[in-house]
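Here we start with a single chain on its own, the form predicted alone, put down as C-alpha coordinates.
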Amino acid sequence: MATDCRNCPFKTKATSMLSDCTLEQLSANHLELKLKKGDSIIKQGTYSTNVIFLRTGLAKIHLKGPYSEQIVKMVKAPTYLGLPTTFGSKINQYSVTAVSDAEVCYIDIDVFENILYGNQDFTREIIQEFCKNELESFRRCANRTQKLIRGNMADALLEFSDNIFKSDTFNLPLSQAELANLVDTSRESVSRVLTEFDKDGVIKVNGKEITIVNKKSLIMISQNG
(Lines give C-alpha, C1' and ligand atoms only; values in the text may rest on other atoms or scores of the structure.)
Protein backbone atom coordinates (compact mmCIF):
# COMPACT_ATOMS: atom_id res chain seq x y z
CA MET A 1 0.00 0.00 0.00
CA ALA A 2 1.39 3.38 -1.02
CA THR A 3 2.26 5.92 1.64
CA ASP A 4 -0.04 8.91 2.02
CA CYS A 5 2.13 11.73 0.63
CA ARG A 6 0.58 14.14 3.13
CA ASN A 7 2.29 12.22 5.94
CA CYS A 8 5.55 11.39 4.15
CA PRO A 9 8.56 12.16 6.37
CA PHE A 10 10.86 12.49 3.35
CA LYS A 11 9.47 15.61 1.65
CA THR A 12 11.78 17.97 -0.19
CA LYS A 13 11.49 21.73 0.27
CA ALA A 14 9.52 21.85 -3.00
CA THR A 15 7.08 19.10 -2.00
CA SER A 16 6.43 20.72 1.37
CA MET A 17 4.88 23.66 -0.49
CA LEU A 18 2.09 21.55 -2.01
CA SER A 19 -1.44 21.62 -0.64
CA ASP A 20 -3.07 18.57 0.93
CA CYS A 21 -5.29 18.26 -2.13
CA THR A 22 -2.27 18.12 -4.47
CA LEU A 23 -0.49 15.67 -2.18
CA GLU A 24 -3.57 13.45 -2.40
CA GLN A 25 -3.08 13.42 -6.18
CA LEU A 26 0.49 12.27 -5.69
CA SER A 27 -0.66 9.59 -3.27
CA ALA A 28 -3.04 8.15 -5.85
CA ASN A 29 -0.55 8.25 -8.73
CA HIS A 30 2.74 6.82 -7.51
CA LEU A 31 4.28 3.43 -6.91
CA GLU A 32 6.73 2.75 -4.08
CA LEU A 33 9.58 0.25 -4.37
CA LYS A 34 12.24 -0.92 -1.94
CA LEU A 35 15.58 -1.50 -3.62
CA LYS A 36 18.80 -3.24 -2.65
CA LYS A 37 22.33 -1.98 -3.18
CA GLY A 38 23.19 -2.45 -6.85
CA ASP A 39 19.60 -2.30 -8.11
CA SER A 40 18.94 -0.13 -11.16
CA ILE A 41 16.72 2.91 -10.65
CA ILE A 42 17.09 4.44 -14.12
CA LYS A 43 18.67 2.71 -17.12
CA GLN A 44 20.35 4.68 -19.88
CA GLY A 45 18.73 4.33 -23.30
CA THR A 46 15.28 3.34 -22.04
CA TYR A 47 12.10 5.37 -22.45
CA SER A 48 11.33 7.66 -19.55
CA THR A 49 7.73 7.24 -18.40
CA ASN A 50 7.87 8.38 -14.77
CA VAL A 51 9.35 11.00 -12.51
CA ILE A 52 11.37 9.24 -9.82
CA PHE A 53 11.68 10.41 -6.23
CA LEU A 54 14.46 8.93 -4.12
CA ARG A 55 12.90 8.73 -0.65
CA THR A 56 15.77 7.11 1.22
CA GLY A 57 19.26 5.89 0.44
CA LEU A 58 22.16 6.85 -1.77
CA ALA A 59 22.65 6.44 -5.51
CA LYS A 60 25.21 7.07 -8.24
CA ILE A 61 24.53 8.75 -11.56
CA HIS A 62 26.59 7.21 -14.37
CA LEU A 63 26.58 7.16 -18.15
CA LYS A 64 28.22 5.31 -20.99
CA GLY A 65 30.82 7.38 -22.81
CA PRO A 66 32.59 6.62 -26.08
CA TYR A 67 35.03 4.22 -24.40
CA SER A 68 33.77 3.40 -20.91
CA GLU A 69 31.16 4.12 -18.29
CA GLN A 70 31.65 7.24 -16.14
CA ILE A 71 30.29 7.92 -12.66
CA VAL A 72 29.18 11.55 -12.78
CA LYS A 73 28.16 12.15 -9.17
CA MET A 74 26.55 10.77 -6.05
CA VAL A 75 23.06 11.74 -4.94
CA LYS A 76 21.35 11.26 -1.61
CA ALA A 77 17.72 11.21 -0.57
CA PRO A 78 15.38 12.95 -0.55
CA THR A 79 15.61 14.16 -4.14
CA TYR A 80 13.99 13.86 -7.56
CA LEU A 81 15.91 11.84 -10.15
CA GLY A 82 16.02 12.06 -13.92
CA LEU A 83 14.08 15.29 -14.40
CA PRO A 84 16.38 16.62 -17.18
CA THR A 85 15.97 13.36 -19.07
CA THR A 86 12.23 13.07 -18.42
CA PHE A 87 11.41 16.57 -19.65
CA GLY A 88 14.33 17.07 -22.02
CA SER A 89 14.35 14.09 -24.35
CA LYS A 90 12.04 11.32 -23.03
CA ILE A 91 14.92 8.86 -23.46
CA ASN A 92 17.05 8.34 -20.38
CA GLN A 93 20.45 9.86 -21.09
CA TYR A 94 22.14 8.32 -18.06
CA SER A 95 21.71 5.56 -15.50
CA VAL A 96 21.06 5.78 -11.78
CA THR A 97 21.96 2.85 -9.53
CA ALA A 98 21.43 2.41 -5.79
CA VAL A 99 24.68 2.19 -3.83
CA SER A 100 22.81 1.45 -0.60
CA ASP A 101 19.41 0.02 0.21
CA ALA A 102 16.91 2.60 -0.94
CA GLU A 103 13.25 3.45 -1.34
CA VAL A 104 11.94 5.15 -4.48
CA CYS A 105 8.61 6.47 -5.69
CA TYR A 106 7.70 6.29 -9.37
CA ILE A 107 5.32 9.16 -10.11
CA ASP A 108 3.02 9.35 -13.13
CA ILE A 109 4.61 11.94 -15.44
CA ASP A 110 1.32 13.53 -16.52
CA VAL A 111 0.28 14.07 -12.91
CA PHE A 112 3.69 15.56 -12.11
CA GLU A 113 3.46 17.94 -15.09
CA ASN A 114 0.01 19.10 -13.96
CA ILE A 115 1.41 19.79 -10.51
CA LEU A 116 4.24 21.83 -12.05
CA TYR A 117 1.79 23.89 -14.10
CA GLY A 118 -0.56 24.54 -11.19
CA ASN A 119 1.86 25.23 -8.33
CA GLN A 120 4.16 28.20 -8.80
CA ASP A 121 6.10 27.82 -5.55
CA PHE A 122 6.73 24.13 -6.18
CA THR A 123 7.93 24.82 -9.71
CA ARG A 124 10.22 27.63 -8.56
CA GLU A 125 11.93 25.34 -6.07
CA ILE A 126 12.38 22.64 -8.72
CA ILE A 127 13.96 25.20 -11.10
CA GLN A 128 16.24 26.54 -8.37
CA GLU A 129 17.41 23.00 -7.66
CA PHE A 130 18.08 22.53 -11.39
CA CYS A 131 20.21 25.68 -11.45
CA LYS A 132 22.11 24.69 -8.31
CA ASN A 133 22.89 21.25 -9.73
CA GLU A 134 24.02 22.68 -13.08
CA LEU A 135 26.41 25.16 -11.45
CA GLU A 136 27.77 22.39 -9.24
CA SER A 137 28.31 20.22 -12.33
CA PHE A 138 30.36 22.99 -13.95
CA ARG A 139 32.50 23.31 -10.82
CA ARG A 140 33.06 19.56 -10.59
CA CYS A 141 34.02 19.34 -14.25
CA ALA A 142 36.65 22.09 -13.86
CA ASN A 143 38.04 20.53 -10.68
CA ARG A 144 38.28 17.00 -12.05
CA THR A 145 40.16 18.09 -15.16
CA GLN A 146 42.50 20.64 -13.54
CA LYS A 147 43.32 19.18 -10.11
CA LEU A 148 45.81 16.43 -9.36
CA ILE A 149 44.68 13.12 -7.87
CA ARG A 150 45.30 14.27 -4.26
CA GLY A 151 43.08 17.30 -4.76
CA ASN A 152 40.31 15.27 -6.37
CA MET A 153 40.47 12.63 -3.64
CA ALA A 154 40.26 15.34 -0.98
CA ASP A 155 37.20 16.75 -2.77
CA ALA A 156 35.53 13.34 -2.81
CA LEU A 157 36.18 12.72 0.89
CA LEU A 158 34.92 16.19 1.83
CA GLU A 159 31.81 15.63 -0.28
CA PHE A 160 31.07 12.39 1.57
CA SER A 161 31.73 14.02 4.93
CA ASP A 162 29.99 17.39 4.50
CA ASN A 163 27.14 16.75 2.07
CA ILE A 164 26.29 13.07 2.04
CA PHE A 165 26.90 11.63 5.50
CA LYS A 166 27.17 14.85 7.56
CA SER A 167 29.86 13.19 9.64
CA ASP A 168 33.66 13.01 9.70
CA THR A 169 33.40 9.23 10.13
CA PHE A 170 31.67 7.24 7.40
CA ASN A 171 31.85 4.05 5.38
CA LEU A 172 32.88 4.51 1.77
CA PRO A 173 29.76 3.71 -0.29
CA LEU A 174 31.84 2.91 -3.37
CA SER A 175 34.49 0.35 -4.12
CA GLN A 176 37.99 1.67 -4.80
CA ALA A 177 37.42 1.00 -8.49
CA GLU A 178 34.21 3.06 -8.44
CA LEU A 179 35.89 5.81 -6.44
CA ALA A 180 38.68 5.86 -9.03
CA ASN A 181 36.07 6.23 -11.76
CA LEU A 182 34.45 9.12 -9.87
CA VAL A 183 37.73 11.07 -9.60
CA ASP A 184 39.14 10.04 -13.00
CA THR A 185 42.11 7.96 -11.94
CA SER A 186 43.14 4.32 -11.43
CA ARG A 187 42.19 2.05 -8.53
CA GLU A 188 45.89 1.78 -7.66
CA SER A 189 46.16 5.57 -7.39
CA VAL A 190 43.14 5.70 -5.08
CA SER A 191 44.69 3.07 -2.82
CA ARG A 192 48.01 4.92 -2.82
CA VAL A 193 46.52 8.32 -1.97
CA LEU A 194 44.31 6.91 0.80
CA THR A 195 47.41 5.27 2.29
CA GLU A 196 49.34 8.55 2.03
CA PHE A 197 46.53 10.49 3.70
CA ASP A 198 46.46 7.89 6.47
CA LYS A 199 50.23 8.00 7.03
CA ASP A 200 50.17 11.83 7.05
CA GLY A 201 47.52 11.84 9.78
CA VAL A 202 44.90 13.47 7.58
CA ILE A 203 42.50 10.52 7.74
CA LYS A 204 42.28 7.16 9.47
CA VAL A 205 41.41 4.17 7.30
CA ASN A 206 39.88 1.05 8.84
CA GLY A 207 38.64 -1.19 6.03
CA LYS A 208 35.90 0.83 4.32
CA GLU A 209 35.53 3.14 7.30
CA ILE A 210 37.09 6.57 6.89
CA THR A 211 37.60 9.05 9.72
CA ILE A 212 38.76 12.54 8.83
CA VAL A 213 41.30 13.33 11.54
CA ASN A 214 42.65 16.67 10.26
CA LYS A 215 39.96 18.40 8.26
CA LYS A 216 41.93 21.63 7.87
CA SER A 217 44.70 19.73 6.11
CA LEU A 218 42.20 17.94 3.86
CA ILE A 219 40.63 21.29 2.91
CA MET A 220 44.07 22.72 2.13
CA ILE A 221 44.84 19.73 -0.11
CA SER A 222 41.51 20.30 -1.87
CA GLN A 223 42.19 24.02 -2.35
CA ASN A 224 45.75 23.55 -3.59
CA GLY A 225 44.71 20.80 -5.97
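The structure presented is a predicted model; accordingly, all values stated were derived computationally and were not measured. Position 1 is the first residue in the sequence shown; the rest follow in order.
Another form exists, predicted in complex with a further copy of the same chain; not displayed. Remarks below refer to it.
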In the predicted bound form, does residue 32 come within 4.5 Å of a further copy of the same chain, counting heavy atoms only?
no
Does residue 111 reach a further copy of the same chain in the predicted bound form if we count a contact as any heavy atom within 4.5 Å?
no
Do residue 158 and a further copy of the same chain come within 4.5 Å of each other in the predicted bound form, heavy atoms counted?
no
Residue 184: heavy atom within 4.5 Å of a further copy of the same chain in the predicted bound form?
yes
For the three residues 195, 201 and 214, verify that every one has a non-hydrogen atom within 4.5 Å of a further copy of the same chain in the predicted bound form; reply yes or no.
no
Only one of 27, 176, 169, 70 gets a heavy atom within 4.5 Å of a further copy of the same chain in the predicted bound form. Which one?
70
Scan 142-181 and note down the residues that get a heavy atom within 4.5 Å of a further copy of the same chain in the predicted bound form; none is a fine answer too.
142, 143, 144, 145, 146, 147
